[in-house]
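Just one chain is shown here, as structure tokens, and it is the form predicted alone.
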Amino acid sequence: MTFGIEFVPSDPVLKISHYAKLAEQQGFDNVWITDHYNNRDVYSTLTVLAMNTNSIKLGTGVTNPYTRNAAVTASSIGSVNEISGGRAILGLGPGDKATFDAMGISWDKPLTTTKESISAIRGFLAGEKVTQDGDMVKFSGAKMAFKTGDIPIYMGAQGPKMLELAGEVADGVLINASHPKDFEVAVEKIAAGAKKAGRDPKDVDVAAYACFSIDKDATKAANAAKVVVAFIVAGSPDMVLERHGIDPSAKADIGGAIAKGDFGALMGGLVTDDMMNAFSICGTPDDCKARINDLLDIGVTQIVAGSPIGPNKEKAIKLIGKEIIG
């Protein structure tokens, strides 16, 4: 089992750099930085992290194939790899339609676009002249002018077809989920994809990219995670909610409260214990360890502590290091 941590660059980059250094000292293996147009740029952030850490791996968690051309992505992550002494990881996923609508970018054929982008990026990273006439991604003899080194590619995946594709083409999969029930389904799909491509499913790192909140006080930990869980519930397909025994009609109430900015309603009962159990790893160190062990048993090989991490980020990072990573 390896341990990753996610930071959203809505905070200043030097603050994130401080947290990343702390995570490295506490024994985390990977740090993942999210990529959204409205936050600090992911590659600038990773560069600062590369200059301020020594051993932790540095990943995009995740970038997408729509806002940047595949050659530009290869150049960016290759630069981070060089600056960090070979510690870069590329996390790539299709992103979400609402973001691209706001940016005026059409979200066409996410499965095909992701697959063709990974194929092109692998070519660039291998130093090849890339000629590709895909449905969505086309190149006519483009090539990198510098050696990027070997960079693992992880796919952000949720749906069955994306999970299968990840098993076929990726070194690892970042799955936004926290509960064994979701991974029973996911691990099966990833294995099917790997076998289809003639790969050993064990070669694919399966990461639970989880809403994580740890504190010695379980109530404080839960309260810190409630708003994040609310967003997860509001964006979950009915099928996923039903898998956890949650009535899909709860989505409308929660979505309405989020739209109005009524966080009091979310904290005051709209986000139920069942929702917290389904969509977060949350509570005391012992509570979190119990869930992690359940995920390990089902085939998860990396735990990523995602937002909020805990009511106090610094304390939470130290607590995970001391009580869980050990």
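Numbering starts at 1 and follows the sequence shown. Note that the structure is predicted; figures quoted are calculated from it, not measured.
There is another form of this protein, the form predicted in complex with a small molecule, and it is not shown here; the text below is about that form.
- Only one of 192 to 200, 161 to 169, 143 to 151, 243 to 251 places residue heavy atoms within 4.5 angstroms of the small molecule in the predicted bound form, namely 161 to 169.
- Here is the short version: of 214, 225, 174, 77, the single residue with a heavy atom within 4.5 Å of the small molecule in the predicted bound form is 174.
- Just one of 233, 221, 157, 90 comes within 4.5 Å of the small molecule in the predicted bound form, counting any heavy atom, and that one is 157.
- Using a 4.5 Å heavy atom cutoff, none of 28, 180 and 183 lies near the small molecule in the predicted bound form.
- When the small molecule is considered in the predicted bound form, residue 112 lines it closely, a heavy atom lying within 4.5 Å.
- Taking the partner from the other structure, the small molecule in the predicted bound form has no heavy atom within 4.5 Å of any heavy atom of residue 53.
- Put simply, residue 107 is close to the small molecule in the predicted bound form: some heavy atom of it is within 4.5 Å.
- In the predicted bound form, the small molecule lies farther than 4.5 Å from every heavy atom of residue 59.
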